[in-house]
Each structure stands twice: as structure tokens, then as C-alpha cells.
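One chain follows as C-alpha cells, the form predicted on its own.
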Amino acid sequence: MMDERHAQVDAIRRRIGEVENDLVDAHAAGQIDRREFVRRGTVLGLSLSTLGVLAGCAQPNVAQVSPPQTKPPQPGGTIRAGIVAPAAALDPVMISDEGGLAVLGQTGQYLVWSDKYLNLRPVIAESWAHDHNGGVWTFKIRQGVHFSDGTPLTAEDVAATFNRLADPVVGSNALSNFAGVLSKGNTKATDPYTVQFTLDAPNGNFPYLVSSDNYNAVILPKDYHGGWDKTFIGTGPWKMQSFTPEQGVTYTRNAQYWGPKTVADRMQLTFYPEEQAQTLGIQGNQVDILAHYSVSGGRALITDPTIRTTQYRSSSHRQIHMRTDKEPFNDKRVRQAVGLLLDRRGMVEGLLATKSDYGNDSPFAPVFRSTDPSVPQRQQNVAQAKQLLEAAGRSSGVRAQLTTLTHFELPDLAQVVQNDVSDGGISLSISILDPGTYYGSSKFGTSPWLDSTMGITDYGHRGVPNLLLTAPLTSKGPWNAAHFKNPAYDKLVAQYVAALDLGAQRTAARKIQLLLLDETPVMFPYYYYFLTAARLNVSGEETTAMGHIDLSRAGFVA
């Protein structure tokens, strides 16, 4: 048996490339653990079965807060889930919120699925591979897939989808993912079931950018021109039966689906405008599953004996930005002082009931394996903060306005920040806006998010840090609320993005982490766990820290 296994391994190593063999060597030498080996291998296009032969199964990045439901679900019935209400019109090209994402994922599908372990699984794409430097990626498209209207899916639909998303004229939400990565016209169908992406620059994590990690990357027909909310067209296991924008969606099984039929006959998504209603909904048996709840709004669910809670470590976080081009934060000593005044332990234990990892003022969350854990964690140090403020000529005090939005624990976080920084003589006034006002344009033609001197913004989970490194922090980043412009940082990010192997990524990551600790344009106080709730008689649901909820295999136990 051992000789047979060695022969399998040798055969695999002969057919895979140099980068892939370096990954195998790194795992064999103990430089990376099994979980990272599997995660990284899926990025490079190795199948889970191949990786299983090479290294066995990875350790999951998931903990059950309540005992897991291990019984298989019975066929039939209607499975019901509660989600946060979508914040805007349901257009796959423009969706940018968790509620919209959850709706989109029931009938729409991605080339690749990024699961709760941060592994990549084939969906519409059967396999993928890269050239020698990661500048060209080729995806093989699954045959026999049909849209819900019966139209066959081909590589032309895939190419059109990504050329649409990369088109600045269209203005899709995905432009933040593709800026400097993929340009319109550079995705081509080379045959009916092969798609080639020629990138603007090499990118070692590119498969994540066309996976379910990208809200908008569901595959649409090549002739799509809007009106998705009338049809919910897609290739997924469900088909829309009825839709009420204020209430929710009812789905039936999609007879055109290429994969296994759904366990339940029907599925309902109920929209909740605020979190307290969600909590009451599952406790009152109005829904069977909550796709996502927070400690601040659903603390009672954690200890409810009728509810099963699952938590995932994630890269979901809050960013506290400071305008680097405006007083008082144009002096980095003032920004450093603010970072040193934050009581992160108090935030994690008080606001989040310890269900969080500590943030260290960079996008490199502990869940990312490319994060260098040897970089010292920033701790609260009031005395050092006061010294920095004195050196900056601010010993008499600092005044500024802190702007945030009504979302989960953000208003409470704003008050904690206000209290923490007052120990150093910094006085913050707080402005709390509704999400539409915070992110949108005001009557004066400005965006409070991008124009505020200091603000707190919510950021969702990603399987890799690429988007979090570029959009909010590079000089031309579209989400750069700190107005941070640092050529050295931009260069390091380019090095990180181009790296194909973990060692090179971690080398660049360490330099980025240290640079951001020094500059402190944005503070990352914590990375909170993603919590999902289900009633005890439910089995088979799959959620991810992105906010996806897959109920195709979900149902009720006997």
C-alpha cells in the first residue's frame, strides 16, 4: 500500500509544474501546515483529490459553538433562511452588500467556490492553470451547464461576464477587484469550453478574484443587459418562484441544474431590516437558519439551547481611517498616538465577547497564512502616545470628528474609540449616519465615507488580502478614505500580488505590515468571527464568512 501511494505521488509530481512542486517540498519540510498546503494548492489549480494524495486532509478553520448536527437531512419540504435585507437593487453587476450577495448566490454560480476553509472548489470551471509567472490563467469550463431559461453556457458567456465587469464604462462593483489586474477585452474564449485571462500584471492569487470571493463574478449570459431582478437568471440549483423586494424570495428546484437536485423542494429567504428582528425570527421559528448574526445584535443566540451556532475565523473587520492629507492626522505621530491609545483587548472582550482575533493595523488578518505572525502586536500605551503628541506639538489637545454608520456594533465601537483616545487628550465628536448616507453622495456632492477626516467603515471577509491591500490603501485605490499615498507601499503590494509562492508572499507581507504600523493611515482593531445560527433539526447548510449561504443540500433531520 505504501509503495502504491509513493507511486501515485511520483506520478503527480512528474506532471505538475515547478511552482506546485516547490509547494509540495515546503509542506514536506514542515514550512507550511496541511491546511495552508491544501488552500495554496487549490489556488494553483490542483484538485482536492490530488492534494489529498499528496498530503491528506487539511485542518478546518471552523469551530462549533454548539454541538454539530451530524444526521443527514431528509428530502422534501421547505427550508427557510433569514438574511439582512439587500441594501440596493438586485443587479449582479452592481451588488456590493451582504444581503444582495446572499440572494445572488441562490440562482447564480461562480467559476470557483471559496469555502469556509479558504480552499477553492471547482464549480463552473472544472480546472485552471497558470503560465510560468502567473500572468496568464486558463480555465476549463464545465460542459453540460444550462442557464435557468434552458440556454447552454459556453466559454463566451464567461468571457463576456468578466469583460463586462472589467469595463470602466459599465462601472461595476467588481472594478475594485480588477483595477490593475484585468482589463476589458483581456478575457477571451479560446474554444467553446476554454477561457484565457491575460492579466495586466502577474497575480499569484488570481483564482480568488474570479471566485465567490468576488461578489459580482456570477456567470451571466453573454447578452445580459440588466433586468436580473425580473428573472434571477443563473446556472444554480434554485429557480426564483416569487420575489417581494421588502419581504424576500421564494425558490423552487431548478430542473435545468447540472448538478445534484436540491434536498428540499422549496426554499425561502426572508429579508430582515435590522438584527433584532432576525434574532426574534429564528427564536420564534419563523426561519430555520440565519446566514449571519453578530455578537452585538444576537448575543442571546450563542447560549440558546434551541439554536446551533457555528463560528468561523475570518478576515471581516472594521477600518478606522484618518485623513493623511488633513490636520490633525497629516502628522504620522498623531496617527501613531491614536493607534497606541486603542484598548484592543477591551474591544474584543467587551464588544465581541472574545469572538475575534486582534488586528494589528494592516490588512493581514491572522487567518491569512501569508501574514507574518512575528511582527509585534501593537498594544495600548498611553504614556508613549502622549510623548508622540507632545513631539508633534499637540500636547494641548487634538479635536476631530469621527464619522460612522448604523451597522452592527459600529456605533458602539465609535464610542469606545472616543473614550480610549480621550486618555491622550484627543477629543472626538461622533456623527452616526445611515448606510445610504455614509456611502452615498450627500446633497453637497460629497461622500462622508471618503471625505471624512476620520471614519469607521465595515469590511467583509476575503479569502486573500489582495483587495484589502489595494482598494483602501494604494495611491490610486478607489476606497482610499485615508488619502494615503506612499510609493514604497505601492511597490511592496505589487511584489506581494505577483508572488506565486507562500515564502515570497510572506516576505513582502512582513515589510507591508511594518510599514503600515509606522505610517498608521488606517487602524484595524480586530477581525471578528463569522457567526451562523440554525435550529437543531436542520442539517446540510453551508455558509461562508463572505455572507454566502448555500441551502442546496440543506433540509430537516428525521
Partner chain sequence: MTRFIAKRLGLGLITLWLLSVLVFFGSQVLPGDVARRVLGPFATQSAVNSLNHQLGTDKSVFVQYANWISGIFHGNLGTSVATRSSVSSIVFPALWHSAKLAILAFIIVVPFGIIGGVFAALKEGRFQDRLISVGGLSATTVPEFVWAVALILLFALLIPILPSTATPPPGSGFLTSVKFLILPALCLVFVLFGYIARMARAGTIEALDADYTRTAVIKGLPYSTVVRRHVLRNALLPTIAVVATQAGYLIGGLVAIELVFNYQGIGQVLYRAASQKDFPVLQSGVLIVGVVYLVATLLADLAYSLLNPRLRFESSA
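Throughout, rigid core stands for the largest set of C-alpha atoms superposing within 1.5 Å between the two forms. Residue numbers count along the first chain shown, from 1. Predicted model, so just to flag it, every value in this text is computed and none were measured.
In what follows, reference is made to the form predicted together with the partner chain, a form of this protein that is not presented.
None of 225-233, 105-113, 360-368, 134-142 except one has non-hydrogen atoms within 4.5 angstroms of the partner chain in the predicted bound form; the exception is 225-233. The putative spot formed by Thr250, Glu274 and Gln286 is fully lined by the partner chain in the predicted bound form; each residue has a non-hydrogen atom within 4.5 angstroms of it.
In terms of contact with the partner chain in the predicted bound form, the residue from Gly393, Gly185, Pro260, Pro168 that brings a heavy atom within 4.5 Å is Pro168.
Scanning Phe147, Tyr208, Tyr312, Trp449 against the partner chain in the predicted bound form with a 4.5 Å heavy atom cut-off leaves one residue, Trp449. At least one heavy atom of Pro245 is located within 4.5 Å of the partner chain in the predicted bound form. In the predicted bound form, the partner chain sits within 4.5 Å of a heavy atom belonging to Ala87. In the predicted bound form, the partner chain sits within 4.5 Å of a heavy atom belonging to Thr437.
The closest heavy atom approach of Ala255 to the partner chain in the predicted bound form falls outside 4.5 Å. Looking at 399-431, no residue comes within 4.5 Å of the partner chain in the predicted bound form, counting any heavy atom. Once you line up the core between this form and the one not shown, the Cα of Ala471 ends up 2 Å or more from where it was.
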